[in-house]
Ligand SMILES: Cc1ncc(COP(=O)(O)O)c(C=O)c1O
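In the form predicted alone, a lone chain appears below as structure tokens.
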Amino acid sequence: MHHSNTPSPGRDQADLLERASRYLIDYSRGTGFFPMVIVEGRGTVLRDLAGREYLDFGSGQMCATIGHNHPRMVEALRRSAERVLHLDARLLGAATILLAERLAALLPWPLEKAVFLSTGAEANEMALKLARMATGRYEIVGLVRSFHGLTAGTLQATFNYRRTNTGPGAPGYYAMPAPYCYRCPLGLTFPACSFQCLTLGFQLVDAQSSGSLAAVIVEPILSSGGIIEPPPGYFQELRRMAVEREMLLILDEAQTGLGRVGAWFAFQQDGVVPDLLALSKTLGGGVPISATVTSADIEERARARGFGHITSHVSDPMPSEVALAVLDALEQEGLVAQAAERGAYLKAQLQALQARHEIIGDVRGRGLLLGVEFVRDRATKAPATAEGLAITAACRERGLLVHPQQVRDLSFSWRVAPPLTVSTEEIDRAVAIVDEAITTVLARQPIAH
């Protein structure tokens, strides 16, 4: 039977979604696909096959940093399609070289050597590989609630998702407590705590280590773990403790890099420079490209131990061309400063909602990477998971998409992260939808105390 690739009035959403259930593997961990088929995206707005519009306050899968189908990206794709899309791994297009130079100019010394891959998990795999080969050691330390990818290596350093039925873990991966001040795992309060989560964490690592500590890998803001923002001074203390153990510091800025938090890179706000930096989602603006950036010294040490890494799409010219367009948009349209300004406005609006609705226990984050945590009771902080899911669905029904972040039965939060191009009018409309959704859901299913 012949199937057209172009949706038509006769091929409605219900028909296509039924086909999806037949032919697509469901990778959603039980939540299923959303009940619409998207046919167009422009800026913050998506449109489905039925003509319905949605405000995308998740930037797709956190990748559409400069908005869906930004004209600069569309032009870069056209330009690359007319020139060359793909090359042998040892052949270089001009865009790849220019992109590496641009990143080096944006980053502080000694971060000057880059390799370009396709996904965030790949960039973290590369960072872990370089760290191990440069140090000659193998043990990796991460944080509870972290997310660095779901490939075989990064899954071992991802302490957020259940690992049920994924087989035995690799040796040499250790988790430390997350700096989750709203729900401190040690029951302490910052700053009186003096970073006891780090002190205890490294004590546990030291007790388990075989003496082969290579690196610690951390997100500047633990995004999928619930938008957990470490307190001021945390990263300086983390760096100090890592240096004591001759460990390298890997920062995974997949979701925080390139303007999202109101700075080019989150580590600039946190007062540290990592040994290895992983970039991905925000670099391609919706096109698959990631980067691992490090120093010439670390590259040289790894190469001396036989480093090599060739994949199908390493250094491909097309995504490099698009990434250059993303950097152009960020620079020439002032989107980094705009993220700080619009983020402060959005956070204030969410805090106003918090003042009106007891179910919002916390609003946190910076720039346009914000978290909203839902609780049944502000004193006990019992998670309002069922209510939060219902509010999420009510928002979607009203034309607003946000990312729920459910960490088992421990917490339920939203990640609120619209494109950096979002307007204040779109923010106002989104906040009004949230207000209405909370009011409607809680009127229907009030929280019993």
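Start at 1 and count along the sequence shown; that's the residue number. Since the structure is predicted, the reported quantities are computational estimates derived from the model, not experimental observations.
Here the subject shifts to the form predicted in complex with the ligand, a form of this protein not shown in this document.
Although the partner is absent from this view, residue 367 stays clear of the ligand in the predicted bound form, with no non-hydrogen atom inside 4.5 angstroms. Interface residue remark: residue 147 is counted as part of the site for the ligand in the predicted bound form, having a heavy atom within 4.5 Å.
In the predicted bound form, none of the heavy atoms of residue 80 sits within 4.5 Å of a heavy atom of the ligand.
Looking at residue 252, you'd find a heavy atom of it within 4.5 angstroms of the ligand in the predicted bound form. Only one segment in the set 117-125, 187-195, 259-267, 346-354 has any non-hydrogen atom within 4.5 angstroms of the ligand in the predicted bound form, and it is 117-125. Between the options 224, 315, 282, 292, the residue in contact with the ligand in the predicted bound form by a heavy atom within 4.5 angstroms is 224. The partner is absent here, but in the predicted bound form a heavy atom of 219, alone among 219, 229, 275, 373, sits within 4.5 Å of the ligand.
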